[in-house]
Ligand SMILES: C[S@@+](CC[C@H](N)C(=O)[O-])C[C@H]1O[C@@H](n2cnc3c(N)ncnc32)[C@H](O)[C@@H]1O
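Take a look at this single chain, the form predicted on its own, given in C-alpha coordinates.
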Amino acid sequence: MNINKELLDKLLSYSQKPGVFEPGERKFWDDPYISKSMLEAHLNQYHDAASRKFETIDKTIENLINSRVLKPGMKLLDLGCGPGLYAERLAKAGINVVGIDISLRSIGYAKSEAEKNGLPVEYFCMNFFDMDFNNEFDAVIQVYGELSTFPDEMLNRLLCLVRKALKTDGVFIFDVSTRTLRLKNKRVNNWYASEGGFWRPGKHLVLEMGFDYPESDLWLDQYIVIDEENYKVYRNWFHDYSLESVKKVLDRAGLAPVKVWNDLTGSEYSSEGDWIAIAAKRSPVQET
(Lines give C-alpha, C1' and ligand atoms only; values in the text may rest on other atoms or scores of the structure.)
Protein backbone atom coordinates (compact mmCIF):
# COMPACT_ATOMS: atom_id res chain seq x y z
CA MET A 1 0.00 0.00 0.00
CA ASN A 2 1.33 3.45 -0.97
CA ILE A 3 0.51 6.25 1.44
CA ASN A 4 0.56 9.72 -0.07
CA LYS A 5 3.42 11.44 1.79
CA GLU A 6 2.19 14.95 0.94
CA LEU A 7 -1.25 14.18 2.36
CA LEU A 8 0.23 12.60 5.47
CA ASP A 9 2.49 15.59 6.08
CA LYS A 10 -0.49 17.94 5.68
CA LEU A 11 -2.61 15.97 8.13
CA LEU A 12 0.21 15.94 10.65
CA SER A 13 0.63 19.70 10.28
CA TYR A 14 -3.08 20.23 10.94
CA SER A 15 -2.80 18.19 14.11
CA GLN A 16 -0.71 21.04 15.53
CA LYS A 17 -2.44 23.86 17.37
CA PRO A 18 -3.23 26.64 14.86
CA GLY A 19 -2.93 30.35 15.49
CA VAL A 20 -5.86 32.16 17.07
CA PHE A 21 -8.77 32.48 14.61
CA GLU A 22 -6.72 30.99 11.79
CA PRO A 23 -9.36 30.32 9.13
CA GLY A 24 -10.27 26.99 7.63
CA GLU A 25 -12.30 26.24 4.53
CA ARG A 26 -14.29 29.37 3.67
CA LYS A 27 -16.93 27.78 1.43
CA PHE A 28 -19.22 26.29 4.06
CA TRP A 29 -22.65 27.96 4.21
CA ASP A 30 -22.98 27.99 0.43
CA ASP A 31 -21.49 24.57 -0.25
CA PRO A 32 -24.24 22.80 -2.26
CA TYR A 33 -24.14 19.62 -0.19
CA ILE A 34 -23.23 20.94 3.28
CA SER A 35 -25.89 23.66 3.13
CA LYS A 36 -28.47 20.91 2.56
CA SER A 37 -27.13 19.01 5.57
CA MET A 38 -27.16 22.20 7.63
CA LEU A 39 -30.79 22.95 6.79
CA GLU A 40 -31.74 19.41 7.81
CA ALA A 41 -29.84 19.95 11.09
CA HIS A 42 -31.70 23.23 11.73
CA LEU A 43 -35.02 21.40 11.43
CA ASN A 44 -34.02 18.26 13.33
CA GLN A 45 -35.89 17.91 16.64
CA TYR A 46 -33.64 15.18 18.07
CA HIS A 47 -30.69 17.49 18.81
CA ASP A 48 -29.67 21.15 19.20
CA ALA A 49 -26.66 20.97 16.88
CA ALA A 50 -27.65 23.77 14.49
CA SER A 51 -30.75 25.37 16.01
CA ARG A 52 -32.40 24.92 19.34
CA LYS A 53 -35.41 22.62 19.44
CA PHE A 54 -38.78 24.18 18.64
CA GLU A 55 -39.90 23.82 22.26
CA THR A 56 -36.99 26.01 23.41
CA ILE A 57 -37.56 28.53 20.61
CA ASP A 58 -41.23 28.81 21.64
CA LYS A 59 -40.21 29.45 25.26
CA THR A 60 -37.73 32.10 24.07
CA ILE A 61 -40.40 34.01 22.14
CA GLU A 62 -42.76 33.70 25.11
CA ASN A 63 -40.15 35.15 27.47
CA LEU A 64 -39.28 38.06 25.20
CA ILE A 65 -42.95 38.98 24.78
CA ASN A 66 -43.97 38.44 28.43
CA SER A 67 -40.97 40.43 29.73
CA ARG A 68 -42.02 43.31 27.42
CA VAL A 69 -38.61 43.36 25.79
CA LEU A 70 -40.49 42.81 22.55
CA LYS A 71 -43.96 44.16 21.80
CA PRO A 72 -46.41 43.69 18.94
CA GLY A 73 -45.94 46.32 16.26
CA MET A 74 -42.17 46.54 16.69
CA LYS A 75 -39.88 46.30 13.68
CA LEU A 76 -37.18 43.67 14.30
CA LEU A 77 -34.04 42.59 12.46
CA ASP A 78 -33.11 38.90 12.82
CA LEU A 79 -29.38 38.49 12.11
CA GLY A 80 -28.35 35.02 10.98
CA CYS A 81 -32.01 34.06 10.72
CA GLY A 82 -31.32 30.68 9.10
CA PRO A 83 -34.54 28.98 7.95
CA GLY A 84 -36.68 31.53 9.83
CA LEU A 85 -37.48 29.54 12.97
CA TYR A 86 -37.51 32.64 15.20
CA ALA A 87 -38.65 35.09 12.52
CA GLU A 88 -41.77 33.06 11.77
CA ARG A 89 -42.79 32.86 15.43
CA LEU A 90 -42.08 36.55 16.00
CA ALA A 91 -44.22 37.45 12.99
CA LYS A 92 -47.07 35.38 14.40
CA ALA A 93 -46.72 37.44 17.61
CA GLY A 94 -47.40 40.62 15.66
CA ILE A 95 -43.81 41.79 15.14
CA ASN A 96 -42.61 43.10 11.77
CA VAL A 97 -39.55 41.01 10.95
CA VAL A 98 -36.67 41.39 8.53
CA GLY A 99 -34.36 38.37 8.35
CA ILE A 100 -30.79 38.24 7.04
CA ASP A 101 -28.71 35.12 6.44
CA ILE A 102 -25.75 34.18 4.26
CA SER A 103 -27.12 30.77 3.28
CA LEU A 104 -29.16 30.88 0.08
CA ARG A 105 -30.68 27.49 0.87
CA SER A 106 -31.86 28.52 4.36
CA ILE A 107 -33.26 31.81 3.06
CA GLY A 108 -35.06 29.94 0.29
CA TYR A 109 -36.68 27.65 2.86
CA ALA A 110 -37.63 30.61 5.08
CA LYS A 111 -39.24 32.50 2.20
CA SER A 112 -41.19 29.41 1.16
CA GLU A 113 -42.50 28.86 4.70
CA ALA A 114 -43.47 32.52 5.12
CA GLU A 115 -45.38 32.47 1.84
CA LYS A 116 -47.08 29.17 2.70
CA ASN A 117 -48.18 30.52 6.10
CA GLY A 118 -49.12 33.98 4.88
CA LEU A 119 -46.51 35.74 7.04
CA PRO A 120 -45.19 39.16 5.90
CA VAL A 121 -41.53 38.48 6.77
CA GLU A 122 -38.86 40.09 4.57
CA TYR A 123 -35.83 37.88 3.97
CA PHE A 124 -32.51 38.84 2.40
CA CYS A 125 -29.63 36.55 1.49
CA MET A 126 -26.59 38.61 2.43
CA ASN A 127 -23.65 38.85 4.79
CA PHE A 128 -24.83 40.91 7.76
CA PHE A 129 -21.45 42.65 7.83
CA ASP A 130 -22.63 44.33 4.62
CA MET A 131 -25.83 45.73 6.13
CA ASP A 132 -26.26 49.49 6.26
CA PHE A 133 -29.40 50.29 8.25
CA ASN A 134 -29.71 53.59 10.06
CA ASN A 135 -32.07 54.08 13.06
CA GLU A 136 -34.57 51.70 11.47
CA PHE A 137 -35.31 48.93 13.97
CA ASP A 138 -36.93 48.75 17.40
CA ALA A 139 -35.04 45.51 18.04
CA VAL A 140 -32.22 43.40 16.64
CA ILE A 141 -31.83 39.75 17.62
CA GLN A 142 -28.96 37.30 17.13
CA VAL A 143 -29.32 33.96 18.86
CA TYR A 144 -27.50 30.74 19.69
CA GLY A 145 -24.11 32.25 20.45
CA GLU A 146 -23.21 33.52 17.01
CA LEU A 147 -21.48 36.53 18.57
CA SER A 148 -19.06 34.07 20.17
CA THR A 149 -17.71 33.00 16.77
CA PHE A 150 -16.04 36.27 15.78
CA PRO A 151 -12.60 37.69 16.61
CA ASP A 152 -12.65 40.95 18.55
CA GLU A 153 -12.19 43.25 15.54
CA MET A 154 -15.10 41.70 13.62
CA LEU A 155 -17.29 41.60 16.72
CA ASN A 156 -16.70 45.29 17.44
CA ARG A 157 -17.55 46.10 13.83
CA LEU A 158 -20.76 44.06 13.95
CA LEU A 159 -21.92 45.64 17.21
CA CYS A 160 -21.38 49.10 15.75
CA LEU A 161 -23.54 48.11 12.77
CA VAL A 162 -26.19 46.82 15.17
CA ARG A 163 -26.17 50.04 17.17
CA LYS A 164 -26.48 52.06 13.98
CA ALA A 165 -29.44 49.93 12.86
CA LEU A 166 -31.32 50.49 16.13
CA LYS A 167 -33.65 53.37 16.86
CA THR A 168 -32.66 55.58 19.80
CA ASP A 169 -34.53 53.40 22.30
CA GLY A 170 -33.97 50.15 20.38
CA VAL A 171 -32.91 46.89 22.02
CA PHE A 172 -30.34 44.27 20.99
CA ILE A 173 -31.11 40.73 22.13
CA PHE A 174 -28.47 38.01 22.02
CA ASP A 175 -26.78 35.20 23.92
CA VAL A 176 -23.17 34.09 24.32
CA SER A 177 -21.66 30.88 25.62
CA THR A 178 -19.53 30.54 28.75
CA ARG A 179 -16.52 28.41 29.61
CA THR A 180 -18.84 26.27 31.72
CA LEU A 181 -20.66 25.17 28.56
CA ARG A 182 -17.48 24.75 26.56
CA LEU A 183 -15.89 22.42 29.08
CA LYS A 184 -19.04 20.31 29.02
CA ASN A 185 -19.39 20.18 25.24
CA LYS A 186 -15.83 20.54 23.96
CA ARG A 187 -14.79 18.60 20.89
CA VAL A 188 -12.28 15.85 21.65
CA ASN A 189 -9.93 14.06 19.27
CA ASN A 190 -11.87 11.45 17.34
CA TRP A 191 -12.23 10.00 13.87
CA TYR A 192 -14.86 8.13 11.91
CA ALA A 193 -15.50 6.78 8.43
CA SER A 194 -18.80 7.29 6.64
CA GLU A 195 -20.54 6.05 3.49
CA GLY A 196 -22.35 9.40 3.37
CA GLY A 197 -23.23 11.92 6.06
CA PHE A 198 -23.23 15.58 7.04
CA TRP A 199 -20.02 16.52 5.25
CA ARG A 200 -20.13 14.48 2.05
CA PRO A 201 -22.66 12.38 0.11
CA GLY A 202 -20.22 9.53 -0.53
CA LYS A 203 -17.39 7.75 1.23
CA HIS A 204 -15.26 9.99 3.44
CA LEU A 205 -13.16 10.09 6.57
CA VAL A 206 -13.53 12.74 9.30
CA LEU A 207 -10.83 13.65 11.81
CA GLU A 208 -12.23 15.71 14.70
CA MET A 209 -9.96 17.73 16.97
CA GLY A 210 -10.42 20.21 19.81
CA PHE A 211 -7.93 22.92 20.79
CA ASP A 212 -8.15 25.02 23.94
CA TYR A 213 -6.82 28.58 24.31
CA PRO A 214 -7.62 29.24 27.99
CA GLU A 215 -5.59 32.45 28.12
CA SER A 216 -8.01 33.92 25.57
CA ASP A 217 -11.20 32.05 26.57
CA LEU A 218 -11.16 30.51 23.11
CA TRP A 219 -11.91 27.02 21.87
CA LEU A 220 -11.55 25.54 18.39
CA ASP A 221 -13.54 22.63 16.98
CA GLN A 222 -11.67 21.40 13.89
CA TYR A 223 -12.83 18.88 11.30
CA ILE A 224 -10.58 17.46 8.59
CA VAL A 225 -12.74 15.82 5.92
CA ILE A 226 -11.04 13.48 3.46
CA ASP A 227 -12.76 11.97 0.45
CA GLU A 228 -11.56 10.26 -2.74
CA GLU A 229 -10.76 13.58 -4.43
CA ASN A 230 -9.27 15.84 -1.76
CA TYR A 231 -9.36 16.99 1.85
CA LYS A 232 -10.67 20.15 3.50
CA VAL A 233 -10.27 21.64 6.96
CA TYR A 234 -13.29 23.24 8.65
CA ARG A 235 -12.87 25.33 11.80
CA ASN A 236 -15.47 26.55 14.28
CA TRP A 237 -14.09 29.10 16.73
CA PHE A 238 -15.81 29.92 20.02
CA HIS A 239 -14.99 32.89 22.24
CA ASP A 240 -16.62 32.27 25.61
CA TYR A 241 -17.60 35.10 27.93
CA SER A 242 -18.32 36.05 31.50
CA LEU A 243 -20.88 38.74 32.30
CA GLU A 244 -18.04 41.15 33.06
CA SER A 245 -16.23 40.53 29.77
CA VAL A 246 -19.36 40.78 27.62
CA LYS A 247 -20.32 44.06 29.32
CA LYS A 248 -16.92 45.48 28.28
CA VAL A 249 -17.53 44.45 24.68
CA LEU A 250 -20.95 46.10 24.70
CA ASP A 251 -19.63 49.26 26.30
CA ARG A 252 -17.08 49.72 23.51
CA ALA A 253 -19.95 49.67 21.01
CA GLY A 254 -22.15 52.08 22.96
CA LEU A 255 -24.56 49.43 24.27
CA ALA A 256 -25.59 48.67 27.85
CA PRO A 257 -27.49 45.67 29.31
CA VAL A 258 -30.99 46.31 30.62
CA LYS A 259 -31.88 42.65 31.23
CA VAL A 260 -29.65 39.64 31.91
CA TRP A 261 -30.77 36.01 32.02
CA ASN A 262 -29.13 32.63 32.16
CA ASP A 263 -30.65 31.91 28.75
CA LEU A 264 -33.16 33.44 26.38
CA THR A 265 -36.05 31.44 27.84
CA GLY A 266 -35.73 33.74 30.89
CA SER A 267 -33.95 31.52 33.42
CA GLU A 268 -32.50 33.50 36.30
CA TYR A 269 -28.89 34.55 35.72
CA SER A 270 -26.15 32.53 37.40
CA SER A 271 -22.41 33.02 37.08
CA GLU A 272 -22.15 29.23 36.77
CA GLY A 273 -24.58 29.03 33.84
CA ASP A 274 -23.85 27.61 30.39
CA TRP A 275 -25.12 30.74 28.65
CA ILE A 276 -25.52 34.47 29.21
CA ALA A 277 -28.55 36.07 27.53
CA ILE A 278 -28.79 39.85 27.35
CA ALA A 279 -31.14 42.58 26.19
CA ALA A 280 -29.06 45.74 25.68
CA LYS A 281 -29.98 49.28 24.69
CA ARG A 282 -28.05 52.10 23.13
CA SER A 283 -26.02 53.99 25.71
CA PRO A 284 -26.36 57.79 25.86
CA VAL A 285 -22.93 58.37 24.36
CA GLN A 286 -21.83 61.16 22.06
CA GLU A 287 -22.77 60.34 18.46
CA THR A 288 -20.01 60.59 15.85
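Remember, it's a predicted structure, so these values are computed and weren't measured experimentally. A residue's number is simply how far along the shown sequence it sits, counting from 1.
Beyond the structure shown, there is the form predicted in complex with this ligand, which is absent from this document and is the topic of what follows.
Practice problem: Verify the flagged residues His42, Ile102 and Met126 against this ligand in the model of the complex: is each one within 4.5 Å by a non-hydrogen atom? | Solution: Yes, each of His42, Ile102 and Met126 comes within 4.5 Å of this ligand in the model of the complex.
Quiz prompt | Interface membership of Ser51, this ligand in the model of the complex, 4.5 Å heavy atom rule | solution = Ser51 belongs to the contact set for this ligand.
Self-check item: 4.5 Å heavy atom contact, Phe174 and this ligand in the model of the complex
Solution: Result no; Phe174 lies far from this ligand in the model of the complex.
Quiz item: Does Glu146 reach this ligand in the model of the complex if we count a contact as any heavy atom within 4.5 Å?
Solution: Yes.
Quiz item: Heavy atoms within 4.5 Å of this ligand in the model of the complex: does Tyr223 have any?
Solution: Outside the cut-off, so no.
Quiz item: Looking at 177-185, 67-75, 138-146, 112-120, which one sits within 4.5 Å of this ligand in the model of the complex if you count heavy atoms only?
Solution: Among the listed stretches, the partner-contacting one is 138-146.
Exercise. Only one of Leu85, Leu166, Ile95, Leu159 comes within 4.5 Å of this ligand in the model of the complex by heavy atoms, so just point that one out.
Key: After the contact test, the surviving option is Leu85.
Self-check item: Single option in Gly210, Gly108, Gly80, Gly197 placed near this ligand in the model of the complex, where near means a heavy atom within 4.5 Å
Solution: When this ligand is considered in the model of the complex, the option within 4.5 Å is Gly80.
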